[in-house]
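Same chain, two versions here, written out as structure tokens and called structure 1 and structure 2.
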Structure 1
Amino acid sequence: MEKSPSFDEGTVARFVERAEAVATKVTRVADGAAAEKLAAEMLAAEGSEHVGVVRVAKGIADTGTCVVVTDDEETRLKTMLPETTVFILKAEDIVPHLADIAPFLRSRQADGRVSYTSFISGPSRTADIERVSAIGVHGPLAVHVILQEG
């Protein structure tokens, strides 16, 4: 398996730390088969109306952010409508800083296709005019990242 030039265990550890700091549950698994099995178990336990499973294009270590890029509106809705969003992220796709994904995003724009790009850091959060915080109003109540090591 070819790792990205910026891949290192420190970057992965920082992603996990920052993701957990914004209330994202992270589970590390050995490979793609284990990631698919865990995602299927979560879907079976809660049902597809409550859980959306999405593959992540990139992870940003500095913020614990998952970057979802898709041409499919159904995938986009899976990040917003279910109570729980499960992201499958390959460890090799984690970059240290936001600026490190610029070449990837430029390449996506160059092909001329319409696509949706979302940067998601933890469960949906919002507040009203009185600064009363609410979770899950404009997106999931819970975010779970399945971090695929191999």
Structure 2
Amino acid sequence: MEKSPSFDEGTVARFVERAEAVATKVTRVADGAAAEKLAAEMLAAEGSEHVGVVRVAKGIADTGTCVVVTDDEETRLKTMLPETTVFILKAEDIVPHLADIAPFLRSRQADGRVSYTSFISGPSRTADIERVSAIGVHGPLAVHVILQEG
């Protein structure tokens, strides 16, 4: 008998659509091993100077956002300095709406906790010259999300 998925396909499909709308590339894989394998290949192809691989805590479907725990500087810099960021996100961790992320944020900030949480929706961008959209200003030029279904 087939196991029922632990995520809502409608929510995941919306995440994919909205993430792609902000120039994020999404690849769906079956499980954790497949995700690790793909990430390792991407890292090996370009080298760690050019690719940062980071696990994502939560996804937000409505905005195609990856919510990343970046308390330590090293993780944070991996999402800032290299030209490419590779995120690994579990489909079951995607919440439908922006407002739904409040409990997660609160759990990270309550009781005197020190934290740095990054919401990342696509590569860095600007429209500061003649309102022409340009991708990759100070941050990454490309964002890949490896979406792990199992």
Partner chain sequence: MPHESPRSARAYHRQIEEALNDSFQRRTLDKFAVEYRASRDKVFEEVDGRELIRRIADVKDAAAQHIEELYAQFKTEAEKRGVVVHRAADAAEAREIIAKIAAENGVKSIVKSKCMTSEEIGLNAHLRAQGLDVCETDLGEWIIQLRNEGPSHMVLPAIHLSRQQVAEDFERVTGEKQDREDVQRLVKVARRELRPKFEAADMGISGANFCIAETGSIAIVTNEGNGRLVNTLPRVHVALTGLDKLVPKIDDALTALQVLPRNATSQRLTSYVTFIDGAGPCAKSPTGRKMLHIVLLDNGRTKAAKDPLFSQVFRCVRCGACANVCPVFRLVGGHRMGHVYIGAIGLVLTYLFHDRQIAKTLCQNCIGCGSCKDICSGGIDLPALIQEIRARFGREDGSPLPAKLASLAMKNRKLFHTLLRFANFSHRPFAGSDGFVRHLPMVLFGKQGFKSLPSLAKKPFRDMWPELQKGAGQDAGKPKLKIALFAGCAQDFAYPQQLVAAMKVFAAAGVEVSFPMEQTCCGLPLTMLGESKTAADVARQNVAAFAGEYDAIVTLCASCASHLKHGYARLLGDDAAAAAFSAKVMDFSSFVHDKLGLDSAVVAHGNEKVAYHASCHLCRELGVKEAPRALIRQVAEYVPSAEEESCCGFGGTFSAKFPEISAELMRKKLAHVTESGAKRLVLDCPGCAMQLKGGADKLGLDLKVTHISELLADNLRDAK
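As the structure is a prediction and not an experimental result, all values here were calculated from the model. Superpose the two forms; the largest set of C-alphas matching within 1.5 Å is the rigid core. Counting starts at 1 with the first residue of structure 1 and goes up one by one along its sequence.
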Form selected (criterion: the form predicted together with its partner chain): 2
Residue 17 C-alpha shift between structure 1 and structure 2 of 2 Å or more, rigid core reference: no
Core superposition result - C-alpha of residue 111, shift between structure 1 and structure 2, Å: 4.8
For residue 127, CA displacement between structure 1 and structure 2 after the core is overlaid, in Å: 3.3
